[in-house]
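Taking the form predicted alone, here's one chain by itself in structure tokens.
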Amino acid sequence: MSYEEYEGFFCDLDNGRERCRGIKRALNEASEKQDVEAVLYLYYLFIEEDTFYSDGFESFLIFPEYLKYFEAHPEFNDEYKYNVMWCFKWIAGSAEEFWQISLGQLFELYKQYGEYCDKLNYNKRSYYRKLWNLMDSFGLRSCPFCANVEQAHRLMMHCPIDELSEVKAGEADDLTSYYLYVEKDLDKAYKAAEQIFSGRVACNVVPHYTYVNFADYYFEHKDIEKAVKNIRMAVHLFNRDFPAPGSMMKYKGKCISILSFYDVSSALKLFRRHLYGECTNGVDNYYFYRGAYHLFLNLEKTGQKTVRLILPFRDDPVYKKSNVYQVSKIKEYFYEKAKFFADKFDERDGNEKFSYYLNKSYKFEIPQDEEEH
């Protein structure tokens, strides 16, 4: 394929923003040469890199250019339609996580997504999967394409698995999530997760997500011991497979939050290990900062007055060179950071789901740890 001559722009660069910039330079070069096939592939390659190794925001911005170029060259549609549909799938799953992208923009993206499924002759299983997740994750009671979450999921289940569907582990985890978060049926969820927990299916993020999903369920149903049992399994996997701070922040934040209500010392250790700073993904920031707030709320309840932390926010007034902070102050600091994103998403989505879970009071017995020095 002709794109191979452009690999020198990015092949030796680190994954993430640096590699994205290299692919963009290659894309500009191919565009100037009017190398259509290379341009089509490099757009796809950029979106893949941005989605999995950066933050996915720029993919949303560049995608209309990609579609316009794809439409302008129908002679390559059959060869590259598969790439286009994967990009729809990736972007639909990440664009929602940026409060700067309005519901109107998200709905326009889904409108195009559905139209392209029909136009390029793909079924809508992945489309409806993304749709029900969007509605459930952000507290949307309805959207222009479905009356409710249940309808979106039902329509998904009527579509056969195809080449755009999740791997088997992803399909099983998705069904587990639906039973836990929407139907709230633990028996169905365990049946759906049986092949995951038996080890018959797995992928790079399953069973990681699955353990956190079950922990969420037990936590909200006030069974803290079972919640923590699942969290400890998830923490082991995150520490092993995603050790870099800044990765999987949403799920690590959930782990810190739940663990802090049972074993605040372990939660603090986990927080220190994965504290990164602020990324561009609003959902990741919200969950990690909410976890930090719950951690220091519970640490304060143990009677501990100060805590030693190496904060990455060196330009922030809260930063202290001594690395010693008052627990009450740092608790309020992370509350305000979580509240910023909660307010942004609630305003965008027209509800108070993010604020509700930030401010919700949980009544659990917290072991009294010895004061840390």
Partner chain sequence: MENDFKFKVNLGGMIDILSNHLYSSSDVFVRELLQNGTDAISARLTADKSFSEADAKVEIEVEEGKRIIFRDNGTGLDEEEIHKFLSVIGQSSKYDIENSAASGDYIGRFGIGLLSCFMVTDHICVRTCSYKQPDVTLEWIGMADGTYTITKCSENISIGTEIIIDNNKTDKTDSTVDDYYNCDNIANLVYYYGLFLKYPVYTLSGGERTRLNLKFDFDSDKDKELCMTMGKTFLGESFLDCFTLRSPTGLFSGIAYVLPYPVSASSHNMHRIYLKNMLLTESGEKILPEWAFFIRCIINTNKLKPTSSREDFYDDEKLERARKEIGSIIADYFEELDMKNKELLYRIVSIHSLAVKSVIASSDELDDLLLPYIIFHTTMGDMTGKDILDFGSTAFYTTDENQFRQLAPLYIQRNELLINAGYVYENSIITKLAEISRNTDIIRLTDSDIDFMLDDSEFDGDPAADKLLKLASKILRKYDCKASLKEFRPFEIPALYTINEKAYQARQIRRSKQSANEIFMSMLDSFESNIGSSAVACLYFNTNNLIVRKLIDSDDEEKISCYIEILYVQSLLSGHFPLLNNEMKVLNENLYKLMMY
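Rigid core (definition): largest C-alpha set, two forms, superposition within 1.5 Å. Positions refer to the first chain, counted from 1. Everything numeric here is computed off the predicted structure, so don't read it as measured data.
Beyond what is shown, the protein has a form predicted in complex with its partner chain; the following relates to that form.
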item: Partner-facing stretch of 67-75, 128-136, 172-180, 287-295, counted where any non-hydrogen atom is within 4.5 angstroms of its partner chain in the predicted bound form; value: 67-75
item: Touches its partner chain in the predicted bound form: Cys146 (any heavy atom, 4.5 Å); value: no
item: Contact flag, Arg308 vs its partner chain in the predicted bound form, heavy atom cut 4.5 Å; value: yes
item: 4.5 Å heavy atom contact, Phe63 to its partner chain in the predicted bound form; value: yes
item: Its partner chain contact at Lys353 in the predicted bound form, heavy atom, 4.5 Å; value: no
item: Site check Gln100, Gln105 and His236: each within 4.5 Å of its partner chain in the predicted bound form by heavy atom; value: yes
item: The unique member of Phe261, Tyr251, Tyr211, Tyr122 whose heavy atoms fall within 4.5 Å of its partner chain in the predicted bound form; value: Tyr211
item: Answer option from Gln112, Gln151, Ser165, Thr302, heavy atom within 4.5 Å of its partner chain in the predicted bound form; value: Gln112
item: Residues in 238-266 with any heavy atom within 4.5 Å of its partner chain in the predicted bound form; value: Asn239, Arg240, Pro243, Ala244, Pro245
item: Exceeds or equals 2 Å, Cα of Phe70 between the shown form and the other one, core fit; value: yes
item: Shift of Tyr218 between the shown form and the other one at or above 2 Å (CA, core fit); value: no
item: Threshold 2 Å Cα movement between the shown form and the other one for Tyr357, core superposed; value: no
item: Direction of the Cα shift between Asp55 and Cys255 in the predicted bound form, where the change is 3 Å or more; value: closer
item: Cα-Cα trend for Leu270 and Asp50, given that in the predicted bound form the distance shifts by 3 Å or more; value: closer
